[in-house]
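To begin, one chain is listed below as C-alpha cells, in the form predicted on its own.
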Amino acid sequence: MADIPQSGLVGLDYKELSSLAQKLGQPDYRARQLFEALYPQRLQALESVSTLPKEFRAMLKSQGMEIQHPRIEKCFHSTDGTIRYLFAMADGETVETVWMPEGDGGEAGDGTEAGDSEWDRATICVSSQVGCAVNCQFCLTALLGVKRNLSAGEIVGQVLAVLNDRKADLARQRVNIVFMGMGEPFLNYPNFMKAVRLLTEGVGFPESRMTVSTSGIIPRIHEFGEEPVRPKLAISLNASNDAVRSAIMPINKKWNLEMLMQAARDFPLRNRERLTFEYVLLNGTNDSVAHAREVVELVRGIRCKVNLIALNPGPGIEFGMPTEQRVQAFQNILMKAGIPAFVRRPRGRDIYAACGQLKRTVA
C-alpha cells in the first residue's frame, strides 16, 4: 500500500515552504506569509493570498502548488446536529469526517436545520486512511478494507474544510479533534504526526484538544509516548480477555492483551492526564458482569477512564446492541471499583456517523 505523493501546498510545513520559496527565488518571509495563509487564515485559493505578489502566485501554480482542500461531495445532517461529510480527495478516493456540535447549536428545535444554529463547542472526527486494515468485526469501516494512507495534507485538509464550512472562529469557539474516523492512525504514523504538528503550530489547536485512538499498535504506542507534542491517547480495548478480543479484533493475535496492557502501564502520562480505554459493548459477547470484573483487573493501577459505547448497528454487522440495563450494570461494576466509566451518547446514528459506522456511503 503506497502513499499518495504530496500535491499542493496544504500539508507542507514551514521548513518545506521555505525550501519552496528559495527554489523559486523568493525571500524567506514569503514562506511565513504562505504558512499564515494556509493554516491560521485557512484561505482556500492562491488568489485570496493578497500578501503574495501575483508573479509568485503564478510561479507556484506553474509548479502545481495550489491550495487544495478535500472536496465536499455530500453532507448528511442528523437530527442531533451532527453532520457527516463525504470528502473526495484529488485522486477521487473518498473518506468521511464528522462534525459534532455542542451547546446551543447541538440540536435543532427551533425550525432551523440541525447544526446551523449557534454553537459554542464542537468536535471533529477525522479519518487517517481510506478504509481500514485492522478488520474489527463490529465496525462498518472494516468491510471496506484499506485502499491507502492519507497524506498529512489530506488529514489537515479535512479539518480546514470543516472549519471553513462551519465558519468556526477558534478564538471564540472551542473545537476538539479526535483521530477516530476511518483508518488506524498508528498505521499511518508519519503522516498522522505531521498533521498533528501542522494543526498545533499552524491552525492553532492545543495538543490538549486532540485525541488519537489506536486499536493497539504496540511499537507505535511506545514511539508516541516519546513525542514532544502529542494528542491524548485512547486505546480501543473492547474485550476483557484474549479469547474474546482475538475473535472481534484480529490484531490481538499479533499484540495480545498482556502486551497491550503493559504498553498502557508504561505510557508516560502528563500531569492530570488520563489514558482512555474505549469499550464497545456487544450484546452477549463482551458485556456481562463477569467481563466487567475482568476489565477492572486489567486496568487496575492505571490512571485511566473507560468510555463505554453501546454498539452502533449497521448492515453486515452480526452483533447486536446491548440493553440499557446491561450497559448500566457494566458501568456500575467499574464505578464501584473506583474506575471512572462513562457511557458515550451516540451522535449521528441516524445518518451512519456514529462510532464504527463510517463506510464512505453516498446515501
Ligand code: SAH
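These numbers come from a predicted model, not from an experiment. Numbers follow the displayed sequence, beginning with 1.
Here the subject shifts to the form predicted in complex with this ligand, a form of this protein not shown in this document.
**Q** Contact between residue 46 and this ligand in the predicted complex at 4.5 Å, heavy atoms?
**A** Heavy-atom contact with this ligand at 4.5 Å: absent for residue 46.
**Q** So, in the predicted complex, is residue 221 in contact with this ligand at a 4.5 angstroms heavy atom limit?
**A** Contact with this ligand, no.
**Q** Wondering, does residue 183 line up within 4.5 Å of this ligand in the predicted complex on heavy atoms?
**A** Flag for residue 183 set to yes.
**Q** Answer for residue 139 alone: is it within 4.5 Å of this ligand in the predicted complex, judged on heavy atom distances?
**A** The answer is yes: residue 139 has a heavy atom within 4.5 Å of this ligand.
**Q** Just one of 225 to 233, 209 to 217, 160 to 168, 283 to 291 has heavy atoms within 4.5 Å of this ligand in the predicted complex; which?
**A** Stretch with heavy atoms near the partner: 209 to 217.
**Q** Which residue, 97, 82, 238, 188, has a heavy atom that falls within 4.5 Å of this ligand in the predicted complex?
**A** Checked against the cut-off, the match is 238.
**Q** Would you kindly say which of 331, 26, 33, 312 lies with a heavy atom within 4.5 Å of this ligand in the predicted complex?
**A** In short, 312.
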